[in-house]
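Next up: a single chain in structure tokens, the form predicted on its own.
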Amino acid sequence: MADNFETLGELGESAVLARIFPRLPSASATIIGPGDDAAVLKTSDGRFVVTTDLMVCGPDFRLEWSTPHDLGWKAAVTNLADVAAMGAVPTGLVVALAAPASTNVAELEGIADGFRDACLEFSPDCGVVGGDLSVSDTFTIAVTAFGDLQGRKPVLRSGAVPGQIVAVSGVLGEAAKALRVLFAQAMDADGNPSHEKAVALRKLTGAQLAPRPPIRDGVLAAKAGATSMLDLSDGLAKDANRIADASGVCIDFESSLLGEDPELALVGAEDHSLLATFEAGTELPGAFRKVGVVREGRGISLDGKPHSTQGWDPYLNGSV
């Protein structure tokens, strides 16, 4: 991932933190930031949204394919998207990272830069307010994200009603398509991930390695009266079924509205787009576009016919 300079084991935790802290983004909601046992954040109405997510080398990423900046970027945006899916504004991130002692400090600096750049682009008021470092043979990034509802009700998965519009903001199936490219074209002669080939394929694989979810559209959807919403992390069909289960309805997709490959759009994971339902006649906000309707019944259907709820499952699918 980086040239062999100073390693974590050579410098130790305090010196590594001193290298990382200046690179991390600050948060406007911070009252007490990094340096104490815990951070203190302010909220506008006494409530806050909180979510957490893990990225583990093997199941979630390959060091040969992702740059350090990619890892920080993706760890940030996947959590920002979960906050956005509740209709909240991201306010702070807590980051825990475990890595082998032989890891170059420059790699952690690159990860910090990824967090900084992702926050600056998608949620400028959000920053890293604390975290922890540890040593492990398996490179792991754990992020907890906080968000401010700003007086609005949270948008849950349980509010969809028959007759409403089903809409998506963001790409469908692009991350899965990129992953297929990586496995087909970014492996060496021995069947191992190849850094050089991954670099050459960057234009085709960015949707997987450094996704660009529509973070700001979460708040726009809440303001427009979204009745349910979630982040598409495990695939459109599987995630839509979560809304269907919570709301006691059927989500019926129209194949003509799902792009060139409706099946890949339905089962491909890790796009981190936003799926929401709105009252019929609502002017869809931001980049939201109609992909189906809510009907009586249960589960998922495509053009009125029952469809599988297959999607990503870390216990069943193995690893990237």
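Residue numbers run from 1 along the displayed sequence. Everything numeric here is computed off the predicted structure, so don't read it as measured data.
Another form, the form predicted together with a further copy of the same chain, is not on view; read the next lines as being about it.
Heavy atoms of Glu107 never reach within 4.5 Å of a further copy of the same chain in the model of the complex, leaving it off the interface.
None of the heavy atoms of Arg289 is located within 4.5 Å of a further copy of the same chain in the model of the complex. Though the partner is left out of this view, Gly259 does not reach within 4.5 Å of a further copy of the same chain in the model of the complex, counting heavy atoms only.
Taking the partner from elsewhere, Ser194 is found to have every heavy atom lying beyond 4.5 Å of a further copy of the same chain in the model of the complex. Of the residues given (Ala167, Val249, Val129, Leu71), Val129 alone sits with a heavy atom within 4.5 Å of a further copy of the same chain in the model of the complex. Out of the listed residues Ser255, Thr282, Ser26, Thr51, Thr51 is the one that sits within 4.5 Å of a further copy of the same chain in the model of the complex by at least one heavy atom. With a further copy of the same chain omitted here, the record of contacts in the model of the complex names 39-47 of 39-47, 263-271, 291-299, 63-71, defined by a heavy atom within 4.5 Å.
Contacts to a further copy of the same chain in the model of the complex (heavy atom within 4.5 Å) from stretch 104-139: Leu108, Val129, Gly131, Asp132, Leu133, Ser134, Val135, Ser136, Asp137, Thr138.
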